[in-house]
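Next up, structure tokens for two forms of one chain, structure 1 and then structure 2.
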Structure 1
Amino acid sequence: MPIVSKTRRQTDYNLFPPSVPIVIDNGASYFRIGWAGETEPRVVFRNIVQRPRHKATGETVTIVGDQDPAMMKFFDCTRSGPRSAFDSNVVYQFEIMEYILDFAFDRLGASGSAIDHPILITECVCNPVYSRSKMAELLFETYGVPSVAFGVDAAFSYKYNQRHGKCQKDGIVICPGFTTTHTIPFVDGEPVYKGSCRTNIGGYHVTDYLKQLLSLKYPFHSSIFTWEKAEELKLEHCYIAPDYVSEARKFQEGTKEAEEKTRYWQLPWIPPPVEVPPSEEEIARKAAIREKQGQRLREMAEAKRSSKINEMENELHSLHFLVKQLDQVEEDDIPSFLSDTGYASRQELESTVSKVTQALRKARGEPKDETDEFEENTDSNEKYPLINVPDNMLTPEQIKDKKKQLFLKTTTEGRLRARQKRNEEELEKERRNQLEEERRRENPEFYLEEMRAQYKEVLERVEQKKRLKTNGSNTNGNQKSGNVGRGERLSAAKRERMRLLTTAAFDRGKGEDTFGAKDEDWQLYKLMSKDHDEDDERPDSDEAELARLSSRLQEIDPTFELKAEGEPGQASGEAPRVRPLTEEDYKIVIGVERFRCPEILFHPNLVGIDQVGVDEMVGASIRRLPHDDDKELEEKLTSSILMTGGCSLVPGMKERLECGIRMIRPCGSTINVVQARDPVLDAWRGASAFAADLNFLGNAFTKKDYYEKGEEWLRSYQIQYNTL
């Protein structure tokens, strides 16, 4: 079951005299603190620190332990994740450790600046002297602790269970912890650290492995598989198989036993809304609304058109009036009259009248007068009078006007030619459509089959071009589109340019580079520098033909469907379509993961850690003992093996350990593996009982001892556990 944190602030701190020690179990996963002599720690929380920023004020706050989801929504945690003071199982971030101790002493009820109680704090096996020294310095200098004692958590748990008759004086303790696993042999009630063994595998790796497997299995639900959720699934469903290979074979074959061991986790799933086809009344109502809206738009367009026609008629009437007045003006007064009206010449006024007349006819929907087109083609001499005049007869200003008139004439003629070409293309298209329609009416089935064949042929050509652009044309004899080089992905023009460059670089023979010394080198240079990409930039006629055929097939064939992206026949390299998720996709199946994840405790190589498993660590610890092949001592050790630590709660651990140890021990050896009374809290309870003993202060050292004796003395410092 999950460990429940207890962070309520205690109020009886001042009731304990200074002689009562404070007991701290500083685990890599959970931090526990309480008073010596008690059976339960007062404060328990996760040994992590997070420093997010408040979204409103921007102030950085410190959050120690578990996160309250209701409160974390007010903080920005994207730049500050949970941090631990541990590297594996060794404390190395003492700035984070100070935050944790501040929070722990505050929750315990301490209100002063100094802690006037002795401290017993747990550490890992063979803790480096640097970490032990920094921890002692932190407790002495920051908190003013009178004395400190260090002890191993697994040793406290063994002695506590020995006190309750679970194990003997000679035995081995196995502690699969959060980030590491330890084995420590005990001889005459004292741990022999020379025979201890450690592997860098623990409960954290089991949880992380489960999280990775589920995220890979269900990538569309990866955000749901948080580390906390994976930890909960591990505690509820994981077990250790007696035989990993045979258990995996059962799930591979899909036996009934494997089906019974499979667990299902149904995530919330909301079915997509079903689109109900509208009724006939609804269709009629929407059609009436659209017709009403269309009628309103038509009325608005007609009113706008009428207003525009009125404005153009008024403008044309005023222009005709100006022309009549101009005819009545004398020749000498014409320039002044035109300057007053804003026109430079009579030709400009007449051109304006012609343009307004054409625009008015177009607005009314009248066909264009042929006389206008004739005038556009024949009256060029009147519109552009300076074109045919030699330059030696013109002034500099007239030469400029002549260039402008020449540009205008060229542009107008090009526009007319383009218009004529479009008209011819439209006529040709209409004629071809009429012919196709006649063919379709003569034999509809044959025409439809012919259109389908043409569509298929053009589609294959278009897809082939796409594949060539993506992969290349040369497949080295294989019909697959992979393993091609850069030159094979280039167009034909670019490949030709590459060939010329290669020729220029390598076909010069041996000796010095003489490129450029010959006349033909200049021709080669021009070919290399010429832009040959016109063919690539040209619009693809096959794609236009494919669009025409597809639109035609949609008109005459109701069963025709365009190929969607991601279907067979599309160019390689395009992303496939994603199918909609169903209810089955929201059902998380936890089968082989139940025993595959905790199996890494016995086979760390499954996650890339080249170390021995838990069962082999027992044999390694026995071999490291300086006992000169004392068979009797080995029998005593293997007959009293204690499992402690959080991972020993995984079902099947005891049976698997007995089986694994029996395989590495001589036939007939006594193997007895027992589980601690409480693998999680026995370490703190053993330390609490040890600190409550009257001889505890004899195992502790003061600040004066620390600074007088130095780190070398601290390296060999060990407490005596037989007092427990």
Structure 2
Amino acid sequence: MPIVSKTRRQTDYNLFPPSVPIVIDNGASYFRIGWAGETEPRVVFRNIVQRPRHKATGETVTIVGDQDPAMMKFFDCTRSGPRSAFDSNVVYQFEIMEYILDFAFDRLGASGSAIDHPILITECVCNPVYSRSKMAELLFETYGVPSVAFGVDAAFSYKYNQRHGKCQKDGIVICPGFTTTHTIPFVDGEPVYKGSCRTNIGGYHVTDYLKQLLSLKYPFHSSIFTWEKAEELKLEHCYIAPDYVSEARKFQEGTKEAEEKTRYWQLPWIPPPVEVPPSEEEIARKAAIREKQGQRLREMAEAKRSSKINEMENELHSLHFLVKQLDQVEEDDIPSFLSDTGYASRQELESTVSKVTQALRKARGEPKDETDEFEENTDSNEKYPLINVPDNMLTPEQIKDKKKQLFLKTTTEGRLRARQKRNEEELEKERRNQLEEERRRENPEFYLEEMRAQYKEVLERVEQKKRLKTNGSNTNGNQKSGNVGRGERLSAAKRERMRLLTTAAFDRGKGEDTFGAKDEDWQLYKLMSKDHDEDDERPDSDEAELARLSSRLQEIDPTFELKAEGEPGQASGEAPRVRPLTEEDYKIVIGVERFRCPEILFHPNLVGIDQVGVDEMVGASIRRLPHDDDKELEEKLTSSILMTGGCSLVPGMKERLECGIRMIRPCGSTINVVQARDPVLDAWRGASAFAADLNFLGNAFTKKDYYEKGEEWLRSYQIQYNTL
């Protein structure tokens, strides 16, 4: 049963005389405020505050309680989530408390210059005096309240139910609340806090447990399991198993009963569009289009080439014409004639001619003419006349020239040598290819087999090397995806580097420092350096061999398939990790979770809280009572156990509690557990009835009392519930 918020602004505030107290149940989850003597609180809302920025004006505004999601579009909530004034069940954040009280009094319709009504407000059991005094201060100073009284919600609920004959004057109240669960024994109608017990577990933990379990079970949908959604699921589906282990076993064995108890929640799911493989015609059509496009491109390239050749021919023609003209010009007029054409000398003109001729030849696709380069070499003595002349016979100018010539000569020779080597390699390759071809012709089958074996071997070698580099050998079975994000130290070389660095960092000052005594020591820095491991980034001989073999195999073996690089996962035949999601993946199954989550109330150690559960708390409370083993009183207490608080609404609570308490009590004792009339609202109703009593003001204290009597008095302050 979800708690309904009531936040409508009340209009009858001024009809109440100042003597009527205002009653507040300040619970960690819900805040309830109303008038003494009434049976229903006037205003109820979730005890949270949000302070977002209003988008239009930029002001920070205060919003209290649950909001209409449709209204939140006007606000920027990125910087402030919902906040509570509570730490566990104690109010500590009085700024937030003030916003909540502002909202509450405003909604109650307050309009005067102060809140001119006595106030009864609930607090937790044994509220620390700091929190109590801050609350009193806030009410006195900020709201001008004439007098204040504090009481405990569970106690009010017990007294209210006692009044309605549900329980006796001696008994125990069990109150599983939002953040904590309490048991308080009552003796002669008064709560005995010395005997009370608090376990730090409550409805909040149940919801949080459910939320976490579901988002772990369905990592793909974790975003839909918000706190509110989990709360809704808890209220709707959770129950307490009479016996956890046997209930769980039913589910484990998959009995029919378990199947009936399993709830399903189908999320909206849209099947992905099915891809239809293209028809024959489609493929043919596409191929035709591609062919056509290719043809067009080829034509365009051809046209471009021919136009370029044309252009060059024209240029050559004009150059030849120029040379011819130059021949006719007289020697003296050459400079003036050339200055018009833009060439400095006859040599330059001729070199341009030869350049253009070569370019044209290249464009036409004719073999490059290398004769002139060879010519260059034959007359090296003429080209470099200074090389063989000793230095002392030259002027400084000539020495410079000699150096230049020397440099030119060595580079040309080097180039020549490289070309020769290339030619030789080419020849060698050709010869090898021929040899292989011959062998293939002799016995094609055998040759293919051999090639394949060779390919496999080399491939293995290369992959081994790769594996070593990334060092996947010692990954643990459940870290398959855990490696992501730690790429820094993935490779063995990098890890080795890190190891060296750390040992170097921590070795200092340990014993005698002999570093540098041996030359090898300095090798360490080379290993440490960042670019050290980049050496093997270059493709090595194995990889080149692999490339050669695979290309060869592609030529001659129709069945050969090239293994794609960068996909080692596929190479080892592993199935792809991502499969298409089906409707089944969008079905949330809530089975064991239904009773696993509320089970933490009975076994808090399931969520790592080392305290007794609700049932055992009763025993602990009785033991704590200073009653000298009064069996009669114990009997009285256990025969009047009241459960109140939001969590006692979980189905199966009463039976389980009874059973649990019976286990810890002596054989034959009477155990009677009853549920409060309304576990959620009875606390407020009890408080309202208490405040309506004529003796109420005797239990309240004024501002004057507060300042005169001091902290010590406030610490021991306790109201007398028996007036109720």
Partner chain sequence: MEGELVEADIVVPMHLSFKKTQAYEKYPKGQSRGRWKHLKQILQADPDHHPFYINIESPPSTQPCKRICDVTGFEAPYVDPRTNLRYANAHVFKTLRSLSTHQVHHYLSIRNAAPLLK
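Every residue number counts along structure 1's sequence, beginning with 1. In this text, the rigid core denotes the largest set of C-alpha atoms whose superposition between the two forms falls within 1.5 Å. Please read all numbers here as calculations on a predicted model, not as lab measurements.
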property: Structure that is the form predicted on its own (1 or 2); result: 1
property: Is_shifted residue 304 between structures 1 and 2 (CA, 2 Å cut-off, rigid core); result: yes
property: Flag for residue 69, CA shift 2 Å or larger between structures 1 and 2 after aligning core; result: no
property: Did residue 57 shift 2 Å or more between structures 1 and 2, C-alpha, core superposed; result: yes
property: Shift in Å of the residue 336 Cα between structures 1 and 2 [rigid core superposition]; result: 2.7
property: Per-residue CA shift, residue 359 (Å; core superposed between structures 1 and 2); result: 6.6
